[in-house]
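In C-alpha cells, one chain follows: the form predicted alone.
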Amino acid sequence: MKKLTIEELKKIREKAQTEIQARSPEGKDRIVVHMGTCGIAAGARETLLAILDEIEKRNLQNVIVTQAGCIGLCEYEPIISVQKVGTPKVLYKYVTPEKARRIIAQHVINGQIVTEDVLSTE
C-alpha cells in the first residue's frame, strides 16, 4: 500500500471541507419539499426531481434542498417552501415540475415571488 504524501493529505482535507461546506445550511437559500404521503401521491417526488435538476443545470451553489413531511394542507399538495436568506418563508401550492422550474428562475434566482402560486408567507 502506497503511503500518502503531505500534499495528498492536504488535498483530501480540502475536498472534505468543501463537501461539508456544501451540505451546511448556513447562509444559503432553502427549499423544502413536503413529502408526506399526500404530497407524494400528488406528485411531490416529480417536483423534487425537477428542483434538483434545475439547481444542477444552473449550478446553484447557494441553495439547499430538504424534505419534510405533511403540514396538514393536503388539498394544496405538492407544497414547497422557499426561504431566501434574510427574507420571509414563502409556501407555494400545487407545485408541478414546470412551476418548480419557474419558482427557481423567478424567486430563487431573481428574488421575485411567484404570486399566483403562493399559499402563504411567514
Partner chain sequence: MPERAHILICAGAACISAGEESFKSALEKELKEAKIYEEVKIIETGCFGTCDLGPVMVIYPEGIFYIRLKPQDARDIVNEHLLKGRVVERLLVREPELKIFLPTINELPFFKNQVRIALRNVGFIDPLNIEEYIAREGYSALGKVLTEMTPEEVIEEVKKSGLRGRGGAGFPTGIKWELGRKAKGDEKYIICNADEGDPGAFMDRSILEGDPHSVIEGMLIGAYAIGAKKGFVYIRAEYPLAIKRLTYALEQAKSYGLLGENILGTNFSFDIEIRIGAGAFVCGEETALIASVEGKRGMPRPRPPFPVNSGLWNKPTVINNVETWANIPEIILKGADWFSSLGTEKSKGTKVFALAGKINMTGLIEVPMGITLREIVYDIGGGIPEGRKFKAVQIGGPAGGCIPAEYLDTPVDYESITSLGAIMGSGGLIVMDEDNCMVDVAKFFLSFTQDESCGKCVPCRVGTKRMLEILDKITKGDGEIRDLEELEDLANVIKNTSLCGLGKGAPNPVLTTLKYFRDEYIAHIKDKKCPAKSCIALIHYEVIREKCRKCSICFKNCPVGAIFKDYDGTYVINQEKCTKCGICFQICPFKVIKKE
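By rigid core we mean the largest C-alpha set that fits within 1.5 Å across both forms. Numbering follows the first chain given and starts at 1. Since we're looking at a predicted model, the values are computed, not measured.
Separately, the form predicted in complex with its partner chain exists; it is not shown, and the next lines address it.
Within a 4.5 Å heavy atom cut-off, is V90 in contact with its partner chain in the model of the complex?
Looking in the model of the complex, residue contacts with its partner chain do not include V90, since no heavy atom lies within 4.5 Å.
Heavy atoms within 4.5 Å of its partner chain in the model of the complex: does E75 have any?
So E75 does not count as contacting its partner chain.
Could you confirm whether N110 comes within 4.5 Å of its partner chain in the model of the complex, counting heavy atoms only?
Looking in the model of the complex, residue contacts with its partner chain do not include N110, since no heavy atom lies within 4.5 Å.
Check whether E19 has any heavy atom within 4.5 Å of a heavy atom of its partner chain in the model of the complex, and answer yes or no.
E19 belongs to the contact set for its partner chain.
Taking heavy atoms and a 4.5 Å limit, what residues of 3-17 are near its partner chain in the model of the complex?
Counting only heavy atoms within 4.5 Å of its partner chain in the model of the complex, the contacting residues of 3-17 are K3, L4, T5, I6, L9, I12, R13, K15, A16, Q17.
Could you check, with the core superposed, whether the Cα atom of E116 shifts 2 Å or more between the shown form and the other one?
Superposed on the core, E116 moves its C-alpha less than 2 Å between the shown form and the other one.
Kindly check if the Cα atom of K11 is displaced 2 angstroms or more between the shown form and the other one relative to the superposed rigid core.
Yes; K11 is a residue whose C-alpha shifts (by 2 Å or more) between the shown form and the other one when the cores are overlaid.
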